[in-house]
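First comes one chain, alone, set out as structure tokens in the form predicted on its own.
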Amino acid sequence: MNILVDHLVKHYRVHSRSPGAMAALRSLFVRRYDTVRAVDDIAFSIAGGERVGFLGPNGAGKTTTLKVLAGLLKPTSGVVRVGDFIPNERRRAFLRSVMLVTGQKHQLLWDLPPADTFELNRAIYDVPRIDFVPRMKELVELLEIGDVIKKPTRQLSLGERMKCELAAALVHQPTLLFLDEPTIGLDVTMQALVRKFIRTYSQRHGATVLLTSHDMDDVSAICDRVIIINHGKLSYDGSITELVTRTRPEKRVTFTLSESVSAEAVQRLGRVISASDRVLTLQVDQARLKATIENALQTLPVSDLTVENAPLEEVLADVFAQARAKRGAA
């Protein structure tokens, strides 16, 4: 399902007053309001089947945008279309085709097993049993939850609950997933399984995914494109590779050594990012990459090496810093 956002604006009127009893009393008769520009004239489009990371610092407007796209909020102005629908009209066909999943809110019934929630959602979305049975079998197998769906939810671990939340959200096989921090609080193994599942589900069913997360491993594993907003405005829209190359064109080269070497021998190779007894990481300009590696192989006891881009966390930090600098100069 495709998404079109054109000049989207979402403002809030927020009551504001000074601290103290007199200010509280005055506010009963005369109220002062501030306008909060949560989303301020952004535009983008997403094709059906794309997996897009929707990124930005806290307070950037990510969750507000997701809620507008899911039909939970009405935009102040602008055009928002999801498929053939205007989200805030909340038509039945639209609601049956989308799902908003967050890592902080839950729909599973605490004292009942997840299987009961699956049945409840089947009834809510009027899913024929002939479709429901094979669909749940597929979800249970992909998420590896066959051993837990008949236990009371309160007895499940956080990771088990999150996997069951995903299964419950997909009972009606939505073609558009809004995911807000889907792996928050999960251990490394559970995070990897959830990421793999989301990508597999999208590929298998052609589902569009819009993901917000502060964990860049989520974004790298699931998405091929990122949209970045900052203070309600669009900062970047494009591929992850292009963003990294444009912001941090240098490479990170990590050498594993068979024996310790002197600090002088290391520093001659380039800028040292980190160095332990036998593991050395350098930051190297793209133009000097080949020469640096050849020099290291000739002068150091290298047993292994890896070449990587700068971490996405550092790239985003640079993007946010540049945005702050522009606002300060304006």
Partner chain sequence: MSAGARVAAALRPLPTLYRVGFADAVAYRGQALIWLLSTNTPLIMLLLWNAVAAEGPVGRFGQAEFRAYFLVTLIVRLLQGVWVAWEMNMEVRDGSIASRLLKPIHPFWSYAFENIAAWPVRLVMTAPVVVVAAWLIGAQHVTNDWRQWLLFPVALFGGWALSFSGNLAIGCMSFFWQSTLAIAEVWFGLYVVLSGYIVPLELFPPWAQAVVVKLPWAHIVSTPVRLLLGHDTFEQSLSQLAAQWTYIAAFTVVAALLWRKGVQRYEAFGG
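Worth saying up front: this structure is predicted, and the values here are computed from it rather than measured. Positions refer to the first chain, counted from 1. We call the rigid core the largest set of C-alpha positions that still match within 1.5 Å between the two forms.
One more form of this protein, predicted in complex with the partner chain, exists but is not displayed; see below.
Verify the contact flag for Arg17: yes if a non-hydrogen atom of it lies within 4.5 Å of a non-hydrogen atom of the partner chain in the predicted bound form, no if not.
No, Arg17 is distant from the partner.
Although the partner chain is absent from this view, report whether Lys137 comes within 4.5 Å of it in the predicted bound form, heavy atoms only.
No, Lys137 is distant from the partner.
If you check in the predicted bound form, is Thr281 within 4.5 Å of the partner chain, heavy atoms only?
Close contact is absent here: in the predicted bound form, Thr281 is far from the partner chain, nothing within 4.5 Å, heavy atoms only.
Wondering, does Lys74 line up within 4.5 Å of the partner chain in the predicted bound form on heavy atoms?
Taking the distances in the predicted bound form, the answer for Lys74 is yes, it comes within 4.5 Å of the partner chain.
Just one of 243-251, 86-94, 156-164, 225-233 has residues with a heavy atom within 4.5 Å of the partner chain in the predicted bound form, so point it out.
Of the options, only 86-94 has residues within 4.5 Å of the partner.
Could you work out which of Val133, Val79, Ala192, Leu109 is the residue within 4.5 angstroms of the partner chain in the predicted bound form, going by heavy atoms?
Exactly one listed residue reaches within 4.5 Å, namely Leu109.
Exactly one residue in Leu186, Leu100, Val148, Met216 has a non-hydrogen atom within 4.5 Å of the partner chain in the predicted bound form; which is it?
So the residue touching the partner chain in the predicted bound form, by this definition, is Leu100.
Is it true that Lys67, Glu119 and Ala123, all three, sit within 4.5 Å of the partner chain in the predicted bound form, judged by heavy atoms?
Every listed residue reaches the partner chain in the predicted bound form, so yes.
Core-aligned, is the CA shift for Ser16 between the shown form and the other one 2 angstroms or more?
Yes, Ser16 moves 2 Å or more.
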